[in-house]
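A lone chain, given as structure tokens: the form predicted on its own.
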């Protein structure tokens, strides 16, 4: 995975929420975006996803200019998982997965069902395949959302605090699923407050405060911070 940003700035409601960020990260599989609330982590993720367009600057994901690429084409190559699962409430778990495969990626119905079933089985969700989101626990629904994003075989999967709405037990359930992505060498960027999880799942960490990247580097910066700000954050969160 390769992520590059050049003088990236984003203004929302007259406020700079991303401030002149310059990143060049290459040869990593999993990036954790960490920092206090309001740091700009989710905004940076949305810019990388092309859900929002940057006010100033350029950004590239695997050498693709996110600004220049057509959204329709870009969304075929990347996956998203948000804080809430965003499953279609009137469709079953398997239908939520096959819909995207059939309508966007032009799979036949049989091909889509076969792929969806394989993924549901792989992630321990087969018994829930015909349940609607309202019949699933929060953790199960979020895991189905992850599987739906994986079904298109994305180059990069973007996850925005996927456990923030879950209780501790369901959080562990979803984090185990994301660790499985790591074991399978899937490429992903995750916004998370779970530093213990970040140490296990990420090989690169970007720490942000007030729209600025304060420190970045391999995951061991969480054990050996170079800046006082990251050191204080780690001590506070891990206390």
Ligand SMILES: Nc1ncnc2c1ncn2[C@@H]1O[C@H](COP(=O)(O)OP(=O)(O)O)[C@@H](O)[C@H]1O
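Note that this is a predicted model, so its numbers are computed, not measured. Residue numbers count along the first chain shown, from 1.
The discussion below concerns the form predicted in complex with this ligand, not included here.
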May I ask you to state whether residue 15 is within 4.5 Å of this ligand in the model of the complex, using heavy atom distances?
-> yes
Hey, in the model of the complex, does residue 43 get a heavy atom within 4.5 angstroms of this ligand?
-> yes
Might residue 36 be said to contact this ligand in the model of the complex, defining contact as any heavy atom within 4.5 Å?
-> yes
In the model of the complex, segment of 62 to 70, 197 to 205, 43 to 51, 170 to 178 with a heavy atom within 4.5 Å of this ligand = 43 to 51
